[in-house]
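Only one chain comes next, encoded as structure tokens, the form predicted on its own.
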């Protein structure tokens, strides 16, 4: 049993981790406002094999298929086979889904449990209510990790205060707000990854960023959940002809929408076959645009993150990571729809168990290749960074554009160090695999069938 535990992040991964401790009384450090957490914006639901016609093995096979066979199979097994248990625990606590599961892209059977298209919002508020009186909440932002020797021993907050801890769990979300068009809140810039890398942790899979194919062309953009397509929505052109099978995995659908818009014209999500009463978020756009809503892809989910084992341990003693900021390898090269909220539940439960019981040991990770990225102390310009990432590191990339991005990012500090690492990783992977599509290398290559480990050259 460890002593003091700090969980950094107030979304599903952080709160479920905190609520899963049986002995410790963790401190959660995160802003109090709901919409700062990425969970608040999650619409689709939670994938879990709870139905008699389904099984964790089928879910596992769908996860591998969507991930292009790049998945860490042990992590994918843990994700899909722990899924029913943690979702049942959630329901035993009093959470209620809609009566029947829904079908989403890449799934071979309906297994997505949701609350219309507001699952994340409803779930986050439920977990925050459950945390009241059970979890100490420290409002604020963590800006760096404290280290003594080779061990993380606490956190430093933006107000200059420090919290010492025997264990720190990062649950800070991903980095999809590094792009101009994103479904994420503006603060989702990967600062948790940056802190971990500065403390000596490995980052991996940074080149794999999932673009959601159906995001409205409004300001701000609004995600239109995959469940709409499972309920009968189609992707059509101005003439009403189908552009792509809407139930294919997201990487395929996103590229089809991207290329149709680039070559031919607008793509619309046709909602004429959908019962809109089930989807209040989409219904607001339906009332504005009618049955056809113009859409295009937007940066949505970061598959890459802080490398961990299946218990959430990083290579740095005293530091765990869970949820979107982590990279267990469970998702492979493309996350299966609605496996993200499940990831927070499954691995949050396991992190809490490991912190309390020392189930695992500190891992030594092996990679196909390791890359060292030199840290710059320069200034960061988030607006400029977003423009560069949007233009050169989007749904499709090529060496020319990636090298131009590196030139433009040279010398940028802060979160620019992470942006450069993403571009370096995308430039190194001279193949197309899952959500990473290189125009100049459009097929998978056996010589890249492994992970790139990224470490920062100047660390704490």
Ligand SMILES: Cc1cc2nc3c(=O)[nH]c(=O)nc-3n(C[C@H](O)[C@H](O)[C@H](O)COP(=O)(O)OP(=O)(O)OC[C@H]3O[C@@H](n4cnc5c(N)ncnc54)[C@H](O)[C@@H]3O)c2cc1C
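Note that this is a predicted model, so its numbers are computed, not measured. Numbering follows the first chain given and starts at 1.
Just so it is clear, the following notes concern the form predicted together with the named molecule, a form of the same protein that is not shown.
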> in the predicted complex, which of the stretches 293 to 301, 349 to 357, 251 to 259, 363 to 371 has residues with heavy atoms within 4.5 Å of the named molecule?
Replying inline: 293 to 301
> Which one of 29, 402, 415, 395 is close to the named molecule in the predicted complex, taking close to mean a heavy atom within 4.5 Å?
Replying inline: 29
> 387, 110, 200, 140: which sits within 4.5 Å of the named molecule in the predicted complex by any heavy atom?
Replying inline: 140
>> Between the named molecule and 14, 36 and 195, in the predicted complex, does every residue show a non-hydrogen atom at 4.5 Å or closer?
In response: yes
> Even though the named molecule is not shown here, does residue 315 get within 4.5 Å of it in the predicted complex, heavy atoms only?
Replying inline: no
> Can you check whether residue 78 is within 4.5 Å of the named molecule in the predicted complex, heavy atom basis?
Replying inline: no
>> Within 4.5 Å, heavy atoms only: does residue 8 come near the named molecule in the predicted complex?
In response: yes
>> With a cut-off of 4.5 Å between heavy atoms, is residue 341 one of the residues that contacts the named molecule in the predicted complex?
In response: yes
> Taking the named molecule in the predicted complex, which residues of 216 to 233 have any heavy atom within 4.5 Å of it?
Replying inline: 223
